[in-house]
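In structure tokens, the next block holds one chain alone, the form predicted on its own.
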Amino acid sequence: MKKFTPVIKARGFATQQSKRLSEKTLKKSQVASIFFAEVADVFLFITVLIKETFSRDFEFKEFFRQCFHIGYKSLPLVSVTGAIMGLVLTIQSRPVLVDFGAVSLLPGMVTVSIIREMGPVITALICAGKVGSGMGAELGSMKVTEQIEAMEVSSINPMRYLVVTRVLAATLMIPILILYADALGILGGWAGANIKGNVSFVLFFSQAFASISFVDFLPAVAKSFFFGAVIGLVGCYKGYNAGRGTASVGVAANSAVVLASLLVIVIDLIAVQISDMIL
């Protein structure tokens, strides 16, 4: 028996290695199947959403209520963010322009930076944190407490009443919030320029708007609609498909913020590449 002991040990080692390899392969296949199942659920969710969006019985009352919640109730946060954004950008950029003797270019530089990139992206990220998490938590709590199932039993279409209204409200209101934040950012830039200087209101804004054109507004406004649609879609999807436990509400809100913020950055990258090729 001693002669066959190394052979038995080698066979046992080979068996253990094959089991480990099979377990790794099984885990990879499970991860792949979960990923493709999630992608299929997203496409089905978007398909039903588009179908219900163009249905006859549109919930106008709920749509306007969501516009109020997304737009009006986000004004304080967006106002503070926009003003500080322009103020900080001006304070940080002014010393560099002073070294090159180009302080007169400060209003145009701040305005172009805010309108093209900083205003839409920063405001969209703020809305992803506030609006996206709110949608995920609200719909997730409705899913946990079985309110969505109760709506289905009561012959109320939850996709049309809950999801379509929120996604369209976010698509409409977030671009308006971005334009509002851009205006406050330019005002903050004027305030920042007057901290260590003396620039009149009329002179600052005449120099600011002399540096921009319609081409600067068009890509920023276009991508802001995509930002709003993605934030609303991700928040509703995560909340609508939350688990049954109470902990799933927090998971839905957290994952909605993370995924919406990531998609905002990705969409901004794609929009910049497209606008660079076209314009």
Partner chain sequence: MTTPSPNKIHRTEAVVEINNLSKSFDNQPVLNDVCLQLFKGENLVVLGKSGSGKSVLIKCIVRLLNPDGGSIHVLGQDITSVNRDELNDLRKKIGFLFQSGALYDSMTVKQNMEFHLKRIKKNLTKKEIKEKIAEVLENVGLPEALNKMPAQLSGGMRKRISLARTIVVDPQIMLYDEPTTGLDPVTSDEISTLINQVQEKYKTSSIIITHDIACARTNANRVVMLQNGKIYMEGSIEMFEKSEDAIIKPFFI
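Because the structure is predicted, anything quoted here is derived from the model rather than measured. Positions refer to the first chain, counted from 1.
Only in words, not in the display: the form predicted together with the partner chain, which the text now covers.
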Interface stretch in the model of the complex with the partner chain - options 174 to 182, 205 to 213, 144 to 152, 84 to 92, non-hydrogen atom within 4.5 Å: 144 to 152
Just to confirm, residue 156 within 4.5 Å of the partner chain in the model of the complex by heavy atoms? yes
Taking heavy atoms only, is residue 161 within 4.5 angstroms of the partner chain in the model of the complex? yes
Applying a 4.5 Å heavy atom distance criterion, does residue 38 contact the partner chain in the model of the complex? no
